[in-house]
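Consider the single chain below, provided in structure tokens and representing the form predicted alone.
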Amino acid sequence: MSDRYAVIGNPIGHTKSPLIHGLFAEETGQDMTYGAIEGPLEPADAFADTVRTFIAAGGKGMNVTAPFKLQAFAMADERSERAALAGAVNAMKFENGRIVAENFDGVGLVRDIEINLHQPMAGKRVLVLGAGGAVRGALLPFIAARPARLVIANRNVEKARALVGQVAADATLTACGYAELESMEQFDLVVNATSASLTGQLPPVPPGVFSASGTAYELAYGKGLTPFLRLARNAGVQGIADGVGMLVEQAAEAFAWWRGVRPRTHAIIDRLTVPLD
């Protein structure tokens, strides 16, 4: 019998994960199946019951998407450092009666920026907009990339400062409100990790933060030229990208964690990319 994997979320009809992991399995010759599960929102313990039912039926691992990342974190027996800082997980592995939890979102994001977009972060000035779960998951991989400066900007500056305070002292890492960006220098990389683009809105970021020779990265994907990317383009930014590469790269990290072999990603990224126009 093939090893069973799945993604769980609600809603789940939009997910690309079965397609991505199916192509990964085909390329690497892995005997596995990968499905999508729409997890129940109620009662409170329904998510955990669904996961345990999947395990009892022979499930080997799961990806976790909204709104269950916090619940997956809570039911894990073992969590990586990245998952612990994020307070959320996007991948679980079931072995020896234990649930092991990881968060590959930040790793996938950094890999997409540095490998696929050819924009190494070492020595660069990096601005991240937002201080929610996506940023929490990305913070340690971003720091490991050794930027010269890493600024977390958020509407609620105390939330950003609290997040920075959870990380071991790092002179390159600071937090601020959006208003403070007006007096800062340009950044080589600006990442929009807010939820604004999901509703067609623009975070209150001044166009002066963008460097024409830098990169603007939109975490949302498949939305075309979002208000954030349009602002960056109008500011003269040459490099703009959305999060489709991150989606595929974090999936590849989970696949390698489960199966011990890392699949190639470029062809799938190309297949899923929506033109930014």
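Start at 1 with the first residue shown and count on from there. All of these numbers come straight from a predicted model, not from anything done at the bench.
Absent from the display: the form predicted in complex with a small molecule. The rest refers to it.
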property	result
Option from 197-205, 93-101, 120-128, 140-148 whose residues, in the predicted complex, bring a heavy atom within 4.5 Å of the small molecule	197-205
Among the candidates 193, 72, 190, 113, the residue which, in the predicted complex, approaches the small molecule to within 4.5 Å (heavy atoms)	193
Heavy atom within 4.5 Å of the small molecule in the predicted complex - residue from 181, 107, 134, 175	134
is_contact(residue 166, the small molecule) in the predicted complex, heavy atom dist at most 4.5 Å	no
Residue contact check: residue 159 to the small molecule in the predicted complex, 4.5 Å heavy atom	yes
